[in-house]
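Form predicted alone, single chain, as structure tokens, below.
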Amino acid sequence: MCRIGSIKSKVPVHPSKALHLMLPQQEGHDNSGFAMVMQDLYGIFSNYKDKPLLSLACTQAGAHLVEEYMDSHNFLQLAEWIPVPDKKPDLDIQAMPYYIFRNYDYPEHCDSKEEREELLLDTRLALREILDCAGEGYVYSFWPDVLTLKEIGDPRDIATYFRLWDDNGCLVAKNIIAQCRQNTNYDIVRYAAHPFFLQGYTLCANGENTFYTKNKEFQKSLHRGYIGFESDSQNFLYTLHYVLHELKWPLPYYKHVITPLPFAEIDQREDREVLKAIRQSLANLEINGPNTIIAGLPDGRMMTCCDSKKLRPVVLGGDDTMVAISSEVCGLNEILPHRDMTKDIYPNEREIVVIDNELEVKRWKQ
């Protein structure tokens, strides 16, 4: 069983805070990897919040391939942060030669928001294909104000290698979603590590989806960005993106798609015709099995929800400046020891819980 966690804060926080949230849950994450997505960046990225940030791990040859592609497609490099690793002996990490986080300006012809969103997706997909074919690296995200890091090994050693314990203010964000585990149900590849990212949507999951094959075969036909499927949890992200970005439905309908109500309950509701239409048209996006989801949305909100039987744990708690979501309450106790624990929320199987940008928590019943 995985463990997942996230932090949403009014003030920028360092990745070490997310590590302290996750490490007390060690029994559930098996020390096989660490991955995080940081959104709403500050520190060294403060001046480039509206410029797309490319996050990749690669060889020297892979770096050259990326540079050639970006130059030939008129992306102008603006800034770059390359971590200087702490290469202590005996660290448990399967490190890549280079980790590059690079801001670009858009090509001149790209003006509208929609054009830019599609260009960034197509660019990431093209770079992924180039690096995959050459066997020279991995590209995780290419989006404004978003940084993604994924690595294989012990989370503590990964944090040491990237100096993530050193809170010097250079790498901070208001939103962080993290997991301390590789995807050990399948082949261990960096793309399979949670969280997953697509066009501003970030998601990680604790559990499994026994409708993986049904979801995958349907999702392949829905959007060119629904690729890889290295983990059954990617289905959750693709459905979230499809419901909100492609269909442009309100967030509460996501829950009705992945865990629809029984027909007997639907028949008692005023919106029964809508809910029946969802079940009929999107039945192949229904999920099954024990799972909990944490997701970040393009507008900065953060949400969590559970499977229809609540077979995986999750808890939400916070104070005036920070709200965190954790698989286990011990994570909250570590980073928010002085919070009012009587206000902790344990989401149930029939709701979505959302944290807005003012840290107001809203509960939407299915």
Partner chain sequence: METIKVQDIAVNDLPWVIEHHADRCTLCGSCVASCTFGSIKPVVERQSITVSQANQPTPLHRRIAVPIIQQVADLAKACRGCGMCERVCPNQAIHPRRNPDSRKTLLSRDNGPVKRGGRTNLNAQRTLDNIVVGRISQMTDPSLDAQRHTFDIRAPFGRVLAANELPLKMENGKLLMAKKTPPVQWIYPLIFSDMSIGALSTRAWEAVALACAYLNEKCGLPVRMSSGEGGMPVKLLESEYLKYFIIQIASGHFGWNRIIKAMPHMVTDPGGVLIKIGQGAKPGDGGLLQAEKVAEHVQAIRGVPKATLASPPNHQGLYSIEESVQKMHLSMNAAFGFRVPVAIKCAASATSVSVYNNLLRDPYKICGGFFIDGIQGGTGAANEVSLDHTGHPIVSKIRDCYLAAVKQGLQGQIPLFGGGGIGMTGNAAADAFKMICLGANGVFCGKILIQLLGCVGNEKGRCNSCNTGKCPTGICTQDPRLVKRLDVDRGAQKIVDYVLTFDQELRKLMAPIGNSSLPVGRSDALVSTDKAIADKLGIQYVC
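Positions refer to the first chain, counted from 1. Quick caveat: nothing in here was measured; it's all calculated off a predicted structure.
In what follows, reference is made to the form predicted together with its partner chain, a form of this protein that is not presented.
Q: Just one of Phe211, Trp165, Tyr98, Phe229 has a heavy atom within 4.5 Å of its partner chain in the model of the complex. Which one?
A: Contact residue from the list: Phe211.
Q: Would you mind picking the one in Ser112, Asn74, Gln268, Ser221 that has a heavy atom within 4.5 Å of its partner chain in the model of the complex?
A: Of the candidates Ser112, Asn74, Gln268, Ser221, Ser221 is the one lying within 4.5 Å of its partner chain in the model of the complex.
Q: Please determine whether Ala277 contacts its partner chain in the model of the complex, using a 4.5 Å cut-off between heavy atoms.
A: Residue-level check for Ala277: yes, a contact with its partner chain.
Q: Looking at the partner-bound form in the model of the complex, is His64 within 4.5 Å of its partner chain by any heavy atom?
A: Outside the cut-off, so no.
Q: Does any part of Tyr138 reach within 4.5 Å of its partner chain in the model of the complex? Heavy atoms only, please.
A: Outside the cut-off, so no.
Q: Going by a heavy atom distance of 4.5 Å, is Leu247 a contact of its partner chain in the model of the complex?
A: Yes, Leu247 is a contact residue.
Q: Can we say Phe263, Glu273 and Lys309 each have a non-hydrogen atom within 4.5 Å of its partner chain in the model of the complex?
A: Each of the three qualifies.
Q: Quick one: find which of 172 to 180, 250 to 258, 83 to 91, 188 to 196 has residues within 4.5 Å of its partner chain in the model of the complex by heavy atom distance.
A: Going by heavy atoms within 4.5 Å, the stretch is 250 to 258.
Q: Can you tell me which residues in 73 to 89 come within 4.5 angstroms of its partner chain in the model of the complex, by heavy atoms?
A: The stretch does not touch the partner at all.
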